[in-house]
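Okay, so here's just one chain, in structure tokens, the form predicted alone.
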């Protein structure tokens, strides 16, 4: 039977423009967070990130992202208690993580652990606002426990049970290092997690929203977000930035490194951002803490090397809007805490789970499945050639 031929010139409306990587595309409206890259602003629910970093806690900021307002003391206490009640994870999850090879990327192990939590949750597929909100509470609490267990198992150590007497961030550090953090460690990690909790329509956030818009479950959406965050162009960049710092001996070596990168047009890890054309506000905060933490831990040379690189890069590229991003200094902080570089990106997930859940729930209230289009530019009139004539 003859088929009609698709002939003629392919035409698209004149107004059609392709924004590679969806650049410039507006996916939805939100009241959760706002990034102004030209001014160097990061805002959560109307609050500047500098104010939250100085005055808030991770639990309070998470409440703000989820509920749209700062909690009263009673509301915060109840919210914190709910998170504490969900910290423990089933033994089946630990058993599964034990079977993951130690050579596996920890983010792949994290996907496995969160996926297993979904398999064990009888409410996973209900997909109602009530159930997805409750699962969000579980995931915010349990992401830290799973990540802590992965870090311990990678080192051949037994996972540490959560301590209900510790705040969320302190408990995460305890489950990761096996030691209760001092006041400075707890404060700095709490600030780092606040800074990473949300960041506009980034790739992993869009991934979680895109998956959940099909009315898939929250666990699947978060596993997808973890997979997106795993990439070195997203959450994995701080590990690469630290690797550079560890190879340099001193500040003079740092100067030579930058000049070599400039001369040979090599990318300098930890600098530049898709959105920010001004100094990343998160890097401003973490840069100061990096100096404090590395000096206290006897690693002050790491900060001095990093600062020399920053000075050299800004002198060369500052007018072009190239400044340190959050990845440049966060790695020095985590490394000074005794956390292995491979576990840096899971820390990102332990923080960003708050923003992921908040934005999924916000979009779920007026859900519409994401269905973008692609501009087809291939042939349309080829004739099938039988196998014996190819």
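The structure displayed is predicted, hence computed values, not measured ones. We call the rigid core whatever largest set of C-alpha positions still superposes within 1.5 Å between the two forms. Positions refer to the first chain, counted from 1.
What comes next is about the form predicted together with a small molecule, which is not displayed.
Contact with the small molecule in the predicted bound form, defined as a heavy atom within 4.5 Å, is made by all three of 232, 273 and 352. The small molecule is not shown here, but in the predicted bound form it comes within 4.5 Å of a heavy atom of residue 325. Taking the partner from the other structure, the small molecule in the predicted bound form has no heavy atom within 4.5 Å of any heavy atom of residue 179. Within this chain, residue 269 lines the site of the small molecule in the predicted bound form, having a heavy atom no more than 4.5 Å away.
At a distance threshold of 4.5 angstroms between non-hydrogen atoms, residue 58 is out of contact with the small molecule in the predicted bound form. Comment: the small molecule is not present in this chain, but in the predicted bound form one of 237, 114, 209, 175 has a heavy atom within 4.5 Å of it, namely 237. Proximity to the small molecule in the predicted bound form, taken as a non-hydrogen atom within 4.5 angstroms, holds for one residue of 294, 169, 202, 142, which is 202. Note on the interface: of 155 to 163, 273 to 281, 98 to 106, 215 to 223, the segment with non-hydrogen atoms within 4.5 angstroms of the small molecule in the predicted bound form is 273 to 281. Once the rigid core is used as the reference frame, the Cα position of residue 317 differs between this form and the one not shown by 2 Å or more.
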